[in-house]
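In the structure tokens that follow, the same protein chain appears in two forms, which are kept apart as structure 1 and structure 2.
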Structure 1
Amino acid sequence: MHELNRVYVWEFPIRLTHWISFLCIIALSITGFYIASPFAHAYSTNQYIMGWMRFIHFVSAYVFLMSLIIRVYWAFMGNKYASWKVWFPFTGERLRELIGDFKFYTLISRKHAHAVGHTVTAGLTYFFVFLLFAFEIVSGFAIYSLTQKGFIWPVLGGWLLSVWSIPTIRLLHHLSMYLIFVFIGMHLYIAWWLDSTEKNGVMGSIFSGYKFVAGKE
């Protein structure tokens, strides 16, 4: 049995943005679903269902954007586990680790590369997940900019209107939601699996910030 050390891995801004994003994605998905195909119909014109759904969607959208900005800021200001460098594991050694991870996740091998923060695969995955979030934000603000006159919305997303037609942007905004669902499914599954087999406190770490690591780190 190794001696376990408690290591502070996820600093406060990381945990905060994680849970804000979590709440935002739930709110954005439910309201986005309603905007896409209104599942509840009003029985009276006094109601304001679509109005509220859109309002909540847009408020959560702003919060989601802020959360992403804080996260990216922390990639430059935070500790080494939060650094942007883990998103680009392209050195020779780390690429070899990627192959090891691949074998581990496809159940070919039982060896799992040790990492206190993110494994190589996780780092790379989060790079694409952040891109996906950014795309959702840009495409969302592109649609939003149709009715918002001003300088900021063209910058946040309006420029996309000269790349694709509006229905295409809506389609991609819509389809990307399902890609986020795919990520969430895998994210929960892997977290639960590793938490139950490796006992280093992956699940707990996103609440407390601490992981349990063998040896000193």
Structure 2
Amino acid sequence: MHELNRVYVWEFPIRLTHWISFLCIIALSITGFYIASPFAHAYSTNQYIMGWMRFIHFVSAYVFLMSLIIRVYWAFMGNKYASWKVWFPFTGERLRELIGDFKFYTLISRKHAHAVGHTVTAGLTYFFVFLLFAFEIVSGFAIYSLTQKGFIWPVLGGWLLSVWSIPTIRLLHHLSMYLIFVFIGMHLYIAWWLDSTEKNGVMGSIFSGYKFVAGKE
């Protein structure tokens, strides 16, 4: 039986931005659904439902943006497990690991690449997810810029209006949310599966920062 060592993997900024982003996605999804298709109606002028939904949506969007900025910053300032390098598996060794992961997840092979931090597949997946997050932010600000004045709004997202029409931006903004839902479902399943099979504490690591690995790091 291999001795398990406790390794500090996820630093506090990683854990903080992880949970802030998760809560923001929940808030943005619920309020976004309401803004697009109200599922509750006011019966009094004192019930400012749409106003509150829009307010929560906008505040969550700003918090989500700041969380993403902090995460990108920590990709350059954090430890090796948080590094931006894990998002780009373009070396010969890491490309072989990527092919191995593909064979494993498609049930072609039983060999699985073990990693203290992110596997090659996870790192590449997170890169595309961050791009998806960025598109949600930019497209959201593009829609918001329609009713706002000032030089900052074209910079944050208004420039997208010259690329696509408003209906197209709204559709893509909405569809991107469903892609994020798919990612969250897969993320939870794979994390639970790895935790139950490898006994490495991956589920608890996003709270404590520590994982358990066999042998030396």
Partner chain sequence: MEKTNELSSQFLEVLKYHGISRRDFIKFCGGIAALLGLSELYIPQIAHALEKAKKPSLVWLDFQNCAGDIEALLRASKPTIAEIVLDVLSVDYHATIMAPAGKQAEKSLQDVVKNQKGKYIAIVDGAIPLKDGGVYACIAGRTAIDIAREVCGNAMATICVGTCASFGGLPAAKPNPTGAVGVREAIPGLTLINLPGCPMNAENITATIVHLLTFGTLPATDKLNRPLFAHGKRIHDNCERRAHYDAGQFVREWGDEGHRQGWCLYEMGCKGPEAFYNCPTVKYNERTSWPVQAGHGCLACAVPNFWDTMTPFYRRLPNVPGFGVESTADKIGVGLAAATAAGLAAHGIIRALRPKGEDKEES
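We call the rigid core whatever largest set of C-alpha positions still superposes within 1.5 Å between the two forms. Along the sequence of structure 1, residues get numbers from 1 upward. Predicted model, so just to flag it, every value in this text is computed and none were measured.
The second of the two standalone chains is derived from the form predicted on its own.
Core-superposed comparison between structures 1 and 2: the Cα of Ser165 travels less than 2 Å.
In the core-superposed comparison between structures 1 and 2, the CA atom of Ser44 travels 2.6 Å.
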